[in-house]
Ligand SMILES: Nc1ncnc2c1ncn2[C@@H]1O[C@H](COP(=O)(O)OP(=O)(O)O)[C@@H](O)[C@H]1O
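Heads up, the chain below is alone and in the form predicted on its own; it's given as structure tokens.
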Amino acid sequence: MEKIGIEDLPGLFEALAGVFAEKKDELCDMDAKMGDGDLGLTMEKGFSAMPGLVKENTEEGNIGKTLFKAGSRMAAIVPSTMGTLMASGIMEGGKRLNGEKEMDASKFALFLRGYADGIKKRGKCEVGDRTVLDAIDKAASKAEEKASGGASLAETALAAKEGAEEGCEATKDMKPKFGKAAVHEAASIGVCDQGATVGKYLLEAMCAFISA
């Protein structure tokens, strides 16, 4: 795939929904040790709704506005902390692409940077705080670096996936600062943050869809 068009968005989010349905129990188990135990359910519910939300909120010729509107609807469906962060990422990423018809490598990198910034703003977190931002920010940085060198969309997505995996792995050595994870700090030692794991799976699914 050389570009992601508006017509490709339902398929993209169907791919994400499939991954989060598959990983639901794993994410719930991780979250039960350091959070509320419902992370997998939230991700499955939110992303399974997105294909329909994209179709219902399609703005012809404007992939950014389509993403923003669908993300805002997702926020109402999964109003939990992680649901809100994911929706905020989609919305801010969409804002960065307002007026664009499609995403090539550079626009994909721009979307990911917006995704990271949306999470950072809504969650009031920074890189190193042991959150989903650690995976998404690293993915965005790797994508920006790759795209700026003239890489294809598939190559840029692969770099983003590898960045998310690196960012997730790095959280094993970080101390949690938010929510119940901070209370159960001992359980987090040597284990990837559950939010960063969501970020890793998100980019792995995007990369697989783009490269198929």
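Residue numbers here begin at 1 and follow the sequence given. These figures come from a predicted structure and were not determined experimentally.
Note that the form predicted together with this ligand isn't included here; everything after this is about it.
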Give a yes or no for A196: in the predicted bound form, does one of its heavy atoms lie within 4.5 Å of a heavy atom belonging to this ligand?
yes
Taking this ligand as it sits in the predicted bound form, is D36 in contact with it (heavy atom to heavy atom, 4.5 Å or less)?
yes
Even though this ligand is not shown here, does T81 get within 4.5 Å of it in the predicted bound form, heavy atoms only?
yes
Classify L110 as contacting or not contacting this ligand in the predicted bound form by the rule of any non-hydrogen atom within 4.5 angstroms, answering yes or no.
no
Note: exactly one of M74, M103, V132, I90 sits with a heavy atom within 4.5 Å of this ligand in the predicted bound form, namely V132
4.5 Å heavy atom contact with this ligand in the predicted bound form for all of E14, G46 and F209:
no
Can you check 36-44, 152-160, 49-57, 65-73 and let me know which stretch has heavy atoms within 4.5 Å of this ligand in the predicted bound form?
36-44
